[in-house]
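Following this are structure 1 and structure 2, which are two forms of one protein chain, each written alone as structure tokens.
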Structure 1
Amino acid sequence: MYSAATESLIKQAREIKEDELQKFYGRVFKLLHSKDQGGDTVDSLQRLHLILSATKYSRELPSDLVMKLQTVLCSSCPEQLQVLSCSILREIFLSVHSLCSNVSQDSRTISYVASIALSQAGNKEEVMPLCHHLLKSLESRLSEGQMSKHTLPILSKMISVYPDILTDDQVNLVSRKMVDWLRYASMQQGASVSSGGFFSGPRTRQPAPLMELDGVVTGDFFTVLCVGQSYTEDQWMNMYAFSMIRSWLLTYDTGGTSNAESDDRSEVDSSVMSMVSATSSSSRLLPPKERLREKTFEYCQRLIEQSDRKALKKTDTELQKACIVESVSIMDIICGEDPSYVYRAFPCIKALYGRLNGDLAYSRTLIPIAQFYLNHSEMAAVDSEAVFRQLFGHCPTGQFNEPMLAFEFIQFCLLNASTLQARVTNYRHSFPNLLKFLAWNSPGLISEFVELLPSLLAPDTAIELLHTILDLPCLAAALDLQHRSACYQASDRTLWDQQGVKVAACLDAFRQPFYRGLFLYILRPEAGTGDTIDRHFIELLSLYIIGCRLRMLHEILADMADSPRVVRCAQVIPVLLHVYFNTVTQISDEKLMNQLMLVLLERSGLLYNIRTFHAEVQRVFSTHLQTLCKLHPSLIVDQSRELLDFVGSPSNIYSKEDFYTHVVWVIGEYLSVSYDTRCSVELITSFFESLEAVLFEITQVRQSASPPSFSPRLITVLMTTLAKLATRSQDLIPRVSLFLSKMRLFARSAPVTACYSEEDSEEIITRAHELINLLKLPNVAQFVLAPSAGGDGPRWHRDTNTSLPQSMRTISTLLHRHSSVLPT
């Protein structure tokens, strides 16, 4: 993490002895008192900061040194010494109240003091003197450089930490000042000083008018989108005020309008009031909070109008986008506090959306516009379907590789998940597009998607969502190919070949029309559309063809399996699967559960070939298969044909042993008439014969047989399941007993002993012996191997018919435990 030299310095700073440290403190104190505070002073302060910050334990400085550092901080010494003094004081405990009580008018010093105070203050009383000082500086008219460009940022940070630090009068004071800065800043550029020549002194140029971003002279009031060579103090305050107005409104404008009857206004009254408040004369009569709201609204409208101008510089275009995002968000807050503004805002917002919705470069601006529609479209009776179709349909498709857009988009979905589910029809069908963000930005968005995924799950799309999650690494590979294909033309083979032989082959396949349907499916924008492998073909073709098409896709993308993006994407799939199954099992839909069982059996072997990916997914499948069958035991009978096909194929053992073992276990556990009355003797016999054939095949002892490649656990689970099924159809007991008696020969054979440990072989023999002894007493075996469905919640304390085993066990325990006190 650090270089060897850096590690050595940190170690020295941590291990410095106390006597050396005290001598060093004295040397620093002397250097700070000297008139020549040059390089030695700077080096010593840097070393002192390293000593204090290198350990997690707080060190105490001598009080005289602390006072001297505070003096340096508040003096007019070089800025480098002030910065180092500030950094050192932040590392120690000191009296914040006393530090804040003696603050100079210098804005730079105030900034340093504020950073110390806000990092160490334990409550608002400690920073109250600094707050009062800041408010006084806002009221007074100080000279250029003293006032107060730095005041608002400090005040903004302070109220974010202590929202209740300002009284109502102080809130009104700041609100009035912010109105003046936002609306009445000067319209001329700041005076600039230039040299008039080698022999002449400096001369002051005449102030020039401000310009719009397209080069036109500004004709309206000043905003952050007005440009000039230099700015006046009130113009700087205008910019600072706009930067903090959003947090200010959220903190101090939550009470709505001051008119107590405002909640009872009708829509007509609201529109009339909005027209009245639009006039300048009426706005001056409003209370400070409402007047700030009015002027802020006008400011945002002006910014939106300015954003339509063609900027001369690319950086100014980015500034326009940022101002659109901030303006629409502020207007949303204002409309939430005073609904009368909704009718004034919507024409502006609708025009803005109409101008931006076709331009992918402005995708980030659509998020606050969508938030505005989501919050206020019902009140204004405005149709918002087109906005959300554009947002969920086109933004992720064209901008999946923009990390900031991805984060803001998912945050928008998280913030409004319940509303989107209730009011936006295409929200739950948009998961193929939303998952593109995760496929491209897997490590950065996994925690957000863990929270978001349950809101995307609905009964009609649950199965397709599961397929999409499992195919997420394929989606990452396809997006990578799509991105590369857009960057490199097919005719430029040199650039293609520079990507590597494997990637170039995948790019060729991506461009071929024959595979177009597969890539259209993986890259589809919403659920239930496109050439879907699992929805369209499940109605037309067999499951075999579906598997072939998936395997074809995996073969096409095989060379991308080692891509870092694909590997990182595969690592998040198990986490998403746990969230998915924990959510879907709460849905009481038998049809869905049956489909889910089929998908587990089908997809356990149809996975993208990435290192460890198969094993991790099958482990998740195994865990949730047990939960699924426990909640819905009838699935074993409903899907008996598919389960018979699955467990009857020994090849499944070698490719997915863990999942196969769990399938065998749930068959033995839940294939019982106590769980489903449809469970017939014929069905039990069918499963018994299928499992018997598999166990016979894998345990045959031949001289030329290779060592078994499966675990002893599989053998014991198969034996136990056969014994369970035999107790439910007792005609099968002689067959299974005969089979189990041969297991000693298998366990002692040369290939097995060469592969299994002595403990493993002994476990197989012991299990077989225990099962044989149990099956000699069929009624006892049925009780032990096949407990009733109510075994998880026994009623031994109520039901006398089932109390005997528990009573016997309890008495036996008591007799053994208290044998010393029993009479002889």
Structure 2
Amino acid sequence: MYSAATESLIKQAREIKEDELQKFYGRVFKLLHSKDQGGDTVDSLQRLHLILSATKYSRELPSDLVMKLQTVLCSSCPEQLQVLSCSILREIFLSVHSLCSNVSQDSRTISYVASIALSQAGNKEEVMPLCHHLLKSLESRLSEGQMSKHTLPILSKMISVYPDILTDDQVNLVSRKMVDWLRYASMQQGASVSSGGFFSGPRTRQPAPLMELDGVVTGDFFTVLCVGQSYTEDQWMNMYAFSMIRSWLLTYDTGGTSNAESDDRSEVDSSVMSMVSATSSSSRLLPPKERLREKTFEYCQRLIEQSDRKALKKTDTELQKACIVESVSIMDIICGEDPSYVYRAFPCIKALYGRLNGDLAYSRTLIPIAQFYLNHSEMAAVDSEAVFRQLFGHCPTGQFNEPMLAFEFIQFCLLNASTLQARVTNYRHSFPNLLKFLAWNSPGLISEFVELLPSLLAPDTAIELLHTILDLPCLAAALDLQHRSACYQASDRTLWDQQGVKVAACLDAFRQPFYRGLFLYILRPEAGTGDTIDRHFIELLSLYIIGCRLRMLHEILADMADSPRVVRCAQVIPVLLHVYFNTVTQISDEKLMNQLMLVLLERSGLLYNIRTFHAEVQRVFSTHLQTLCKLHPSLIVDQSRELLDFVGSPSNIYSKEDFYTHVVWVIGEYLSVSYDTRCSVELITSFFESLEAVLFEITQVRQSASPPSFSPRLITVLMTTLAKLATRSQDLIPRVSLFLSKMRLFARSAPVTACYSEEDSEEIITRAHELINLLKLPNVAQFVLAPSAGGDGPRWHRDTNTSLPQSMRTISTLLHRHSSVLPT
């Protein structure tokens, strides 16, 4: 598709020399002047366009050539020359004013001139003349072929950039014309170019009726879903008008009438609404804006009816879906502006929903319907729960792999997050289903989910959400298997095996009844709440059950751990976790924080085995462990048993050193009476003994000892923590000092010096040395190693009795004085 020839053409176009270029300009000018409309002219213009567009830096054309091109553009030459001049002129800088000042009457030319004007205009004033010309052509009753077909697209583009370019009168003018086109376009086919044939005599030249998409003759007004051999001009305008009506209404029909509405709103609420409001017969009395609203509403209703027909062509079926989406959105806008339409709209929307619900091919059309329900169901006292249950419960389950649906679904959630949280009961409980979209397409949807996640967090499902996030890569693997399993029949062994031995093995497991429960769990659509049973018991049990189940699941899926989808999913987990923790700490009570702590401790060792995934998650855990403990230091005492178990097992060092180190650190930092009055001497002593035992085990100096597989930082943190604990229960000081004195021996032993760098070994020795000296002055040590919470305050620095500089001076002198009495 892309060849070396193409590459070299671009290169040539960019590197053409200036003198060659000028010669070329001259040749083009001559060709244009010669009025030759043949292949040579076309060819040179094509090359000229390539030269100009191939580079991002602008080139300047000689002004006579520019004038000539403008003339060609505005003259009645073959369209190809117009297109080429237009695209060339778009690439250079022109005065839009001079271009638009002599705007011709030719409808085709106007469009090309407009495309240049719109791309070059810097402000509203530059496109004003063009705008006025178009409006004038609308106003005067021009015969067919004289008004540009593209009048509406051009206007639509202009108002999207400069909404205030039209005055109120002009808005009314356009509204009136649009009503005519939308509602009163011809009901018969256009005059077609006769294809001749035996039977086409004068009698058959009667205009033929239009058809619906299923071949039935049309019985109602013309819409974009009507087909004919050819179309009349107003039918074309009907199509163009409908294509832009939504943005027109959004620009000119929202907010403007709200003042009038607010007076009527109280009447609307309290009175019984007539079903026959603003009927067609009386609508002629309405002002243009309201009339346009009315006619557009009718148009949308008709489209919804028409989309029920079975189209003969596939592309038309897709168009029907697009029409449904557009119509429902437009009706939503209209109902937002004038609530009296809600009562007319709802029967139609409800019937539509009933028709499309359950049809997977129409899932994308459910989203605007859901939006309509969200916006207006309260007003109309219509129950919307079934709609949202269907949307959140079933849509993602079967169609997580459809990229467009996934995107639109998540955009819908983002747009309406606060309303969904408040009014849709099963929204927050649907996170397992919503996360399926993310698991399938992590890189594409992660930025949306980072914004969406906070809205999915609720205190009662927070823990389950955390587990789900941690297992998202597993979910990705399971979804992949589910998808493949659905695509390939078990009997089709060749296709099955073609996917590789690893995947085939996982697929086999997926199909086995024994593992069904596991997969059902990971693929569940809703979060469980279990609020009829004692929640605490359930949570304890859940952790255990989750632990066992998850381990098995991770093992079955081990072979998928390096598949691209799983790896990409794993890459987005850290950022998602950060968002989770930053949000959850704001809504957590003490109980939830305790549970979070437990999850951190347990899951740090229970993760799907993907390359670097463990390390990344541990890093996030470590950060948030610190945050949690800082917010709520009594967590250490609350969870003392679990923490003791955790730090007491050296195996935790080897599998999760980083996290282990941080756990040790927070113990040292927050296990103190100043943070929690329940912190007894026994508790401190038991932690001390546990950590001492671990440090002893890992620093044993034996002949057969293997080099340490942990970093020096672990040693220093353990030493410091032990010292901190000792300052709080001063009987322990002699023990720790003795221990620390042995560290030098450890640091100088053969396996350690082989493994750690010189600086690291020195650091261990120095730190041990400093701690020993500090501990000789327990009160100072207490201050230095674990200042109370007020240590950050300015008082510590200003009060001459307790200020930091003085303490530091004291300590330095002490350390220097005692340096000669160090054990060797």
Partner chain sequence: MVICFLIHTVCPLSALSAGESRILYSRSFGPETGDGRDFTSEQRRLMQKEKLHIVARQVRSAVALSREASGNPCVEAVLGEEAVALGEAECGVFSLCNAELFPDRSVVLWLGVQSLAFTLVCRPHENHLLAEGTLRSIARHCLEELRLLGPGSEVLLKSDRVDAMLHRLLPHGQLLFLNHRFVFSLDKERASYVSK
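Every residue number counts along structure 1's sequence, beginning with 1. Take the two forms, superpose them, and find the largest set of C-alpha atoms that agree within 1.5 Å; that set is the rigid core. Predicted, not measured: the structure shown is a model, and the values here were computed from it.
Here the chain appears twice, and structure 2 is the form predicted in complex with the partner chain. Two rigid parts make up the chain, and between structure 1 and structure 2 the smaller of them rotates against the larger by 9 degrees on C-alpha superposition.
Taking the core as reference, the C-alpha deviation of T71 between structure 1 and structure 2 is 3.6 Å. Here D19 exhibits a Cα shift of 6.8 Å between structure 1 and structure 2, evaluated on the superposed rigid core.
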